[in-house]
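Shown next as C-alpha cells: one chain only, the form predicted on its own.
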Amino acid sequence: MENILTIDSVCKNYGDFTALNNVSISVPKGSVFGLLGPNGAGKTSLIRIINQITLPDSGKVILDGEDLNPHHIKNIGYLPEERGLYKSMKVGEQAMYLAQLKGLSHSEAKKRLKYWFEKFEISDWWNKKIQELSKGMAQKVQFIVTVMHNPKLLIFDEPFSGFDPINANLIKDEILQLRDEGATIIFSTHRMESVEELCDHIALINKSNKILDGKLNDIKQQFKTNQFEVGLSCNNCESLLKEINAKFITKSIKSIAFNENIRLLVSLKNDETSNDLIQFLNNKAQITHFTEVIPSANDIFLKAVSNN
C-alpha cells in the first residue's frame, strides 16, 4: 500500500530531554491511523514536526513522495488538542480568515463554509463571537476550519474532547466520510474505544520510542494469548468442572446465557489447539458458546506500555 506520510528516523531533543528517539512510521494513503501513547510519550512532538511548527534534530519527513516543505501546509489540516480559536472574533469572520490562510479565495471560502455550516446546522452562529459558544459548539467550528480546504492529510488530536455522545458520533461519521472521499487521517487519542471504531492502522510511542506499529488486526493477532471463552450445557457440572480444571487453565465467568450451566475462560498451553479443546468438551457436554478471545486496543496499549 502506498504511503502518504513517511517519518524516517526522526529525533527531537529539548535540552537534555529526548522527546523522539529515532522514530520511523509510515502512514498508508486512505487510512485512519491511530497515533497512540501515554502522556509525555512524544506524540505531540511528532505532530508538531509534521505540521512544521518545529523541526526535527535529525531524520526526515516525506509527504506524498516529497520532502516536507512549507508549501505542504495547504495539504494538511490540524485539529490540536488545545484549541486555537480567537474568542473575541466572530465565528464567520474567523472562519473566513483561516480559510484564506489555507489558500482559498474569498468566494471559494464562503462557498465551502456555507456548505459546512448548513451541514452542521450552525448557520445562525455566523455572527456570534467564539466566547458566546459552549465548548462543544466551538469544537464544531474548529472541526470545520480544519477540514474545509480539503487537505490530503488530516491530523486530529483528541477530536472528541468536549463533545456529548451525539455530537461525538456526528464527528466520527464525518471522519470516516472524509477518509472515504480520499483523505488520510492521523488520529491521536486516549479513548481506546474510538481507536477500535475508527483506526485500521496504529503506532504506539512510549518514552520517546516507537514500540509497535502496523495494521490493528495484525497487531491483535500478535497479542493473542490462546484463550477461549466457552459456554457449556451439562448434567453433572461439578464433576465436569473438575475434569476441565485438571486438564486446562480456567477461570469462571459469572455471566452465562439462559441455555448454559457453565461459562469459562480457558487458557491453552503452547502445544494445545482449539480443536483439542473442542474435542475434549464435545465428549463431556453440549457446547453452547465457543469464541477466541481477541485482545482489545486497550489491552494491547496496557500490555505494550507495561512491558516497555
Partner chain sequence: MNKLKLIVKREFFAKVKNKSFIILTILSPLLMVGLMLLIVFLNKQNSQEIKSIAYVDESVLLTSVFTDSENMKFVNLTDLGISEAKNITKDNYEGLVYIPKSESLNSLSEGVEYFSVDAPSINLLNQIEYRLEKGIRDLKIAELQVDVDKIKGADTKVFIISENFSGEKSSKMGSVLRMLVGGAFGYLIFMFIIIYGTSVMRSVIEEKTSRIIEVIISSVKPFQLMLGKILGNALAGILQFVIWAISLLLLWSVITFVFGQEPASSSAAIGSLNPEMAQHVEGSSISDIQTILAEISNLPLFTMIFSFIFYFLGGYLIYSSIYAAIGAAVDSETDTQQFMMPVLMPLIIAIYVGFSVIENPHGPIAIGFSLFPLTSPIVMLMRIPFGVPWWQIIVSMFLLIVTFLAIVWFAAKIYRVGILMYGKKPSYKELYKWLKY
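This one's a predicted model, so the numbers in the text were calculated from it and none came from an experiment. Numbering follows the first chain given and starts at 1.
Missing here is the form predicted together with the partner chain; even so, the following discussion is about that form.
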Item checked: the partner chain in the model of the complex: contacting segment from 118-126, 227-235, 96-104, 180-188, heavy atom within 4.5 Å -> 96-104
Margin query: Within 4.5 Å, heavy atoms only, which of P80, G92, G162, P151 is in contact with the partner chain in the model of the complex?
Written below: P80
Check: Though the partner chain is not shown, can you say which of N209, N167, S194, Q142 has a heavy atom within 4.5 Å of it in the model of the complex?
Finding: Q142
Next item on the list: Determine whether any heavy atom of I278 comes within 4.5 Å of a heavy atom of the partner chain in the model of the complex, and answer yes or no.
Entry: no
Note to self: Within 4.5 Å, heavy atoms only: does I53 come near the partner chain in the model of the complex?
What the structure shows: yes
Note to self: in the model of the complex, is there a heavy atom of the partner chain that lies within 4.5 Å of any heavy atom of Y86, even though the partner is absent here?
What the structure shows: yes
Checklist line | Partner proximity in the model of the complex: F290 to the partner chain, non-hydrogen atom cutoff 4.5 Å | finding: no
Notebook entry, point to check: If we check the partner chain in the model of the complex, which of the residues in 177-191 reach within 4.5 angstroms of it by a non-hydrogen atom?
Noted result: none
